[in-house]
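Let's start with one chain on its own, the form predicted on its own, as structure tokens.
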């Protein structure tokens, strides 16, 4: 039996996937309300294919509880934020989970950490917890790092098809854990050492962050000299060895906007390109905010209550708003003591911010200017409703005439 610790955006789909493919699974989370919801037969967030996967897992016998189980394998999938001052990984949730596991686990158990961490985190934070409880690592307890590699909006498909990395002290233990993941994973599963596994996951997200920063910086350069960044990128990408990404209003989610900071925090004198790239991405919402005020002035919009932000989530067609550019923009605006801009997102039924609407027509009727922060499918199907509005399109998706861009 496997006890999956943490039933959030990563832990829950992982637990469901294993259970639906013949592995006995009990999911544990400290959040009583979340566990109660799952035990009522409801999922806790929206994702394509998740409800079907949930039903299959329940039929296969998955259970949910707030109690840690006595078993021979644990998968720890809890958040790993970063310290905004030091930029280092904050491993407090991982440490807390492992401490609880140590209270119930038998000798010979394997603890798999799926949470994304910086290289050396298992050595600095996890091993001391295990040893402090009197266990000998490699004899009484086996440690493994198997970083997740999925993205909201396509979780179920990516769990099935993405390649995986298993980092272990002992290759035989790595191969044992690999068999559990191979029960559902159709991609290649590589077994390596723990520090390599830690580093590869962080490097993957850092690569993407640096490339996004390059596109965002190009947008600023082109805006400064009145050039069309989208046309320039389109032409450059015709080169067989060039693949520039598209600029946007910023970077959100719990991967690209967080994980690269781990390297900056641990290697401040070495990670210079990464540091500057992250600063570029983090300042992009402020750049968009300045564009909003420029366009307001050009169009004689003197009241920012007539400006609306379309989209609050961090990416299209999901309900995940962690670290979203819209929230970052509103935070930057708040520092100027301005009245918050109006907001709307079709995927968020609960109030996340002030001045939030829950109906597209009501939102559009109340604003003169629309800022497309997220490219949800809904907006692409309703361009006619935006006619006559001043539009700032942060993703270059709107086909209407006279649209402004970042």
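None of the values given here were measured: they were computed from a predicted structure. Numbering follows the first chain given and starts at 1.
FYI, the form predicted in complex with a small molecule isn't displayed, but the following is about it.
- Query: Exactly one of 205, 277, 115, 142 has a non-hydrogen atom within 4.5 Å of the small molecule in the model of the complex; which residue is it?
  - Reply: For this set of options, the contacting one is 205.
- Option touching the small molecule, based on a heavy atom within 4.5 Å in the model of the complex, out of 178, 149, 291, 87: Of 178, 149, 291, 87, the residue with a heavy atom within 4.5 Å of the small molecule in the model of the complex is 149.
- Query: Want to guess which of 296-304, 167-175, 310-318, 133-141 is within 4.5 Å of the small molecule in the model of the complex, heavy atoms only?
  - Reply: In short, 310-318.
- May I ask you to check whether residue 248 falls inside a 4.5 Å heavy atom distance of the small molecule in the model of the complex? Flag for residue 248 set to yes.
- Message: Is residue 285 part of the interface with the small molecule in the model of the complex - any heavy atom within 4.5 Å?
- Response: Judged by the heavy-atom cut-off of 4.5 Å, residue 285 is well away from the small molecule in the model of the complex.
- Message: So in the model of the complex, is the small molecule close enough to residue 252 to count as touching (4.5 Å, heavy atoms)?
- Response: Contact with the small molecule, yes.
- Message: in the model of the complex, is there a heavy atom of the small molecule that lies within 4.5 Å of any heavy atom of residue 259, even though the partner is absent here?
- Response: Yes, contact at 4.5 Å.
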